[in-house]
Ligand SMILES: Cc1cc2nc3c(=O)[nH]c(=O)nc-3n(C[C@H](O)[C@H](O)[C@H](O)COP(=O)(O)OP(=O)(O)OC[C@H]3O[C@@H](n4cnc5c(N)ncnc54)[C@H](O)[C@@H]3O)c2cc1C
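One chain comes next, on its own, written out as structure tokens in the form predicted on its own.
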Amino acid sequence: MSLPAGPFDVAVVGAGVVGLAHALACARRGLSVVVIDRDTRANGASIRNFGFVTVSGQEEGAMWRRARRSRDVWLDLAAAAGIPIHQRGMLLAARRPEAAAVLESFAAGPMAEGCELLGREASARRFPGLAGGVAAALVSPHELRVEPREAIPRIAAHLAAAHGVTFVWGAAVTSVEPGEVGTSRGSLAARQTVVAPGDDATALFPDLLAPFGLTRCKLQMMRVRPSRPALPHVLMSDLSLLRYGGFAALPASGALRARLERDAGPELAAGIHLIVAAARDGTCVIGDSHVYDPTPDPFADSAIDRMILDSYEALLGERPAVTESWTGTYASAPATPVVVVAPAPEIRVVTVATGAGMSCSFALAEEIVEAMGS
């Protein structure tokens, strides 16, 4: 199959959410864009997650600002591309008093703007579906949730139909030089190139990426069918407070970590924190876990699935039927949530090195495209 005629203003390598975000940012500037992906459709981290655009709890500073801006882009894009928003807002239910103290500390700070802190009795009245009551709850209005399996393909289709973005599927990129992208099906000419490699730090520019210590994070997730209607917001709980930088950085989180090390050592070791994200068909996506390895195996650990289901049952009072399960991987770096390198003035390599690709990519792409002077 022949490659499309060029040259293009911008070539984007990778059709996950990071690549699509850059294609959108460039297309909105009136640039001609080609997106190249080695697979025949999106098949990686961008479709294997919750589709949860998280704002409250993001690390203070750039990541929090990016999440707020990306949420706004998601709202515009969802309307334009016909992407259903399945849930809005987040409910963080604190089961332990130490977790309630973290929520109280967060609620007193500037990043809690618009959020509502509920005590034990108010939480029970507002959310009677929570089993056994909770010590406190934080309700954030800022989040939204899409189904990534439908959202990512619809973004690509919208970019092609509304912005004239060209997609080249099933072509592995083998080289990127100023002005030229080499693929397994030939070469394309492009004035600038953005490489969005996902969790692959070895195929392109490995020497530049090596200092960041990138590895892979393997996660396990399930789709379940509860017997009762889901809560109105995406649900998280105590273990989540140690996974999100905006909560984990608070001094009160130290006592929570010590409590969880006593109460939930195996869950901490497996990087488990409960997220329950509902779909309109009555199912919920639940998870997840975090195990780090440069080459993680593809196999789901049944013990990890049981611990996730145990966490669900403890908070919601039932053990739902599992209809589907899967694993995924994403890139992770020990010291930074975002890796950006510039092999040349016309080239950027961009990796979201944490599980926040859905939450921050659109704002990040706008920053990078602006900085490149595209």
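What you see is a predicted model; the values in this text were computed from it and never measured. Start at 1 and count along the sequence shown; that's the residue number.
The same protein also has a form predicted together with the named molecule, omitted here; what follows describes it.
Though the partner is left out of this view, Ala356 does reach within 4.5 Å of the named molecule in the model of the complex, counting heavy atoms only. Interface residue remark: Ala93 is not counted as part of the site for the named molecule in the model of the complex, having no heavy atom within 4.5 Å.
Within 4.5 Å of any heavy atom of the named molecule in the model of the complex lies no heavy atom of Tyr312. Although the partner is absent here, Arg38 lies within 4.5 Å of the named molecule in the model of the complex, judged by heavy atoms. The candidate site formed by Val194, Gly213 and Val338 is entirely out of contact with the named molecule in the model of the complex, as no residue has a non-hydrogen atom within 4.5 angstroms of it. Residue-level contacts in the model of the complex: of Glu150, Glu180, Asp200, Asp301, one residue has a heavy atom within 4.5 Å of the named molecule, and it is Asp200.
Note on contacts: among Ile155, Leu130, Leu209, Leu219, the single residue with a heavy atom within 4.5 Å of the named molecule in the model of the complex is Leu219. Only one listed stretch (164-172, 103-111, 223-231, 258-266) carries heavy atoms within 4.5 Å of the named molecule in the model of the complex, and that stretch is 164-172. Looking at 18-36, the residues that come within 4.5 Å of the named molecule in the model of the complex, counting any heavy atom, are Val18, Gly19, Ile36.
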